[in-house]
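Look below for two forms of one protein chain, each set out as structure tokens: first structure 1, then structure 2.
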Structure 1
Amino acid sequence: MSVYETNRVLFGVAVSALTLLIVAAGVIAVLLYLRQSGKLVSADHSSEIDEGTGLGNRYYLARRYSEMVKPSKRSEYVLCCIYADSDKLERNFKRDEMLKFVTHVSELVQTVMKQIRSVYVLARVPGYGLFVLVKKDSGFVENLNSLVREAGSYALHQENGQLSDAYRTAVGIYPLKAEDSDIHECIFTAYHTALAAYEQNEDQLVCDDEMVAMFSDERDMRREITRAFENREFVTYIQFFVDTMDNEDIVGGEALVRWNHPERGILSPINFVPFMEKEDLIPNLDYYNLEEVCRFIEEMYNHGIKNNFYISCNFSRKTFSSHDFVDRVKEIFKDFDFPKSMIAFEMTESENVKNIVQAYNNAVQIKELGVKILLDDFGEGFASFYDLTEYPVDGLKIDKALVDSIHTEKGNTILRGMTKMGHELNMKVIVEGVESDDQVNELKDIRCDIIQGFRFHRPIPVHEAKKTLADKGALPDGGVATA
């Protein structure tokens, strides 16, 4: 073999070796990319897979975060939470459809990532949403508005599809900080940012320091509330009603919750009810209170109190309109024995009236159990004439704001009109927040039925309420051994 030929063979070998090397490097690069991008969820990590969609879950995201993002590079990344109201989707269209939609949104994310050729991690945290960990400058954030729009039109692509508000998504963007070692904290913050965006009807919101501080306070409050339920720190107070026309006798009362906070003392509902409404914790409180009220009524009934005595419980409209409301109430009633006409449910309005049909169906079924239904805060805020026509209401509770204007000509006329209307619709008219003799006299003249107010009774703990009833001779067997 000539020197020339030898060189040619050697050159050929070198070229083949180089080609092989390039191919191998390419394969390794692709594998690394897939691993980085979150499309390879290792089979050894089944605990890291979200059952519903097959995507990675919270633990997967946590592992990938620690592997992929060096502490010194954290501030180069954002964690985005893509939120949709999965409860609503499940309620309206069943679980499979909800998961199909989430999967669809995850595919939209993957399509964007392909276009921008970015390394990313995608995961799903049930109850929270989809999470995308990606570099700030990847171009992903710039694509979010169109992603949200595309997701919103999902229903149109389905057979017989109609646009539904349930397919709305919103994104919370949390720019990571050097000190963010715990990804679970970041998940929480990104989720709450997305929720804020959703509630404000925005496609996306970027979380700033002020929001971080607010979410952290809220998280503390949630923890405190969980503890309060465990330690039974919520206590039920009773504020008695009196019959306006019949010697101002006690005819019933309203159950009002207080929080006996270990450090801050007795807290009024204004300090925790609005927060619990916002955080969807209010049903827990409403059912907790209902159980306390049932215990109280049963005891009074066993002491022979008249059947026309009743206690009313407050229910947030959120609780009242939930799909399992009637079942939850029946479950509680099962353990108590007293005529259900001795209990009334007050429906409190809220700004976001959701699920009107469900609330109506619930009201009808609750009434069939014998329970009375009262419309709370009538004449103020959101309670309206619409509710009167929609729900099987037994009584109106006229708000304090109207009573405060009873001595003005207009206020007086409105109160008179409302009372007349209530009576013509066969409803009892209960007036809240009555503080003075003048108001009482005027209300007698107007012929409202029942008065609730500090003029007669303030809210008192249940054990004091039992004593009051015994002292007033309302318990034929003489009374109660109070705790």
Structure 2
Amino acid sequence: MSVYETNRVLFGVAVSALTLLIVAAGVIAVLLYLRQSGKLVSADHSSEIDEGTGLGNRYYLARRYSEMVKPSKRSEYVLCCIYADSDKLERNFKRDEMLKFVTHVSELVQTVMKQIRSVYVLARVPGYGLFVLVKKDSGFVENLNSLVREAGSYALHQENGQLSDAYRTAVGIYPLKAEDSDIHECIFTAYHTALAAYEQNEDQLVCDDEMVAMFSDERDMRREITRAFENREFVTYIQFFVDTMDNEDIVGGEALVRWNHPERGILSPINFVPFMEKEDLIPNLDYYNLEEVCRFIEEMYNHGIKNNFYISCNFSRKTFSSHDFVDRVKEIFKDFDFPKSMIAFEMTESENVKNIVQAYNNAVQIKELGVKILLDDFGEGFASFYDLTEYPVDGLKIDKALVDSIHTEKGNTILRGMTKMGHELNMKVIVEGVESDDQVNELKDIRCDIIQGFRFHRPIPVHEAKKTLADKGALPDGGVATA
């Protein structure tokens, strides 16, 4: 081979190598562009991946929103939240099954998107749900009802599957507005729209301006409640019990919660408890109140309060039947030395308790600590009588509605029967809502044990309760500081 031919071959090889390098560089550039633009999620964006499902997370959604949706085009999009009660799924079927269901729903979304051939962003925000960012006119919203129904029938496709309400989903649709620069605000609104749909047993709801305003008010309320816990704005009031035969003898009381709001003053429970129930914040309040009550009893005990004195605490149905109830009570109790017979827990009838077995086990263990158990609102429902045979009850609190009918023949007969039954079962009978001397005289004749009501004592702050006990001579050492 001549030198010329050799050089020509080498030149050809060099050109081929250079071509390969150019092609490789082009591929790398494309991959880098895709990665940078967010169209390819890689390990470099691990902070944007939901660990449970492998989908994008809140931060992925936020980045894709800023990249995909131009400010002038925001009103052309909707953000849909597909909500399922993941906590309920995890309790019933464990975490792996919950994540399998979430993944299944995400696959349903992707199937719809393939059919309608639309550009979209799919992400999961744990505790909220799946989020789909898509154009309004894509056809996705029109497919949501069938998607929800398909998701709800998921259990039927499992081995020995049965239709279960735990797999129910609902969708909140938030049409974006031109001013929606913060996707996290949109996530919040879409989620609460989905939650409203779920609670109303609707497949989907579209968020309107009125709902946006309501969600904003609720968010403000949540912030205020968080601040109230941090600043200990919730205060304990005591409404004393008196002996029926000797109305001057204070034998105990019920602890009630008020909110000492920095701007609105003292708020009664009706102003905050319904919201806290909706937001699942009541357990926080229950344990907060228990700690305050223990502190009050400890102080009374250290000043020689008589042994038969006790304070009752209310617990929500959900708190009393929770699996960690006894452990959390013990954790609070360990910091106090007073005899636990000086505190009583009021429980509502089991008809309203979702986990009856757990509530029963909790009642038994609490009783073993020395705590009294009172059956609250007795006579309000049929389950009360069942509870008498099943729970270790020390006393009955007869509902105010029965007291109001004490002057009627039937009402009087029912109260007599309940009092007699309670005594035969070795229980104290407490009658609440007593407001008149006539009612007091009837209750004396019936021989119930304890009276609670405005006739003798209204709910008062702890510092006033201390003074009242000192004035009544219930504290042998002459009283305590009331500041």
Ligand code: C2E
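Residue indices: 1-based, along structure 1. Just so you know, these numbers come straight off a predicted model, no measurement behind them. In this text, the rigid core denotes the largest set of C-alpha atoms whose superposition between the two forms falls within 1.5 Å.
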Task: Label of the structure corresponding to the form predicted in complex with the named molecule - done: 1
Task: Rotation (degrees) of the smaller of two rigid parts between structure 1 and structure 2, from C-alpha fits - done: 11
TODO: After lining up the core, report the Cα displacement of Val403 between structure 1 and structure 2 in Å, one decimal place.
DONE: 3.1
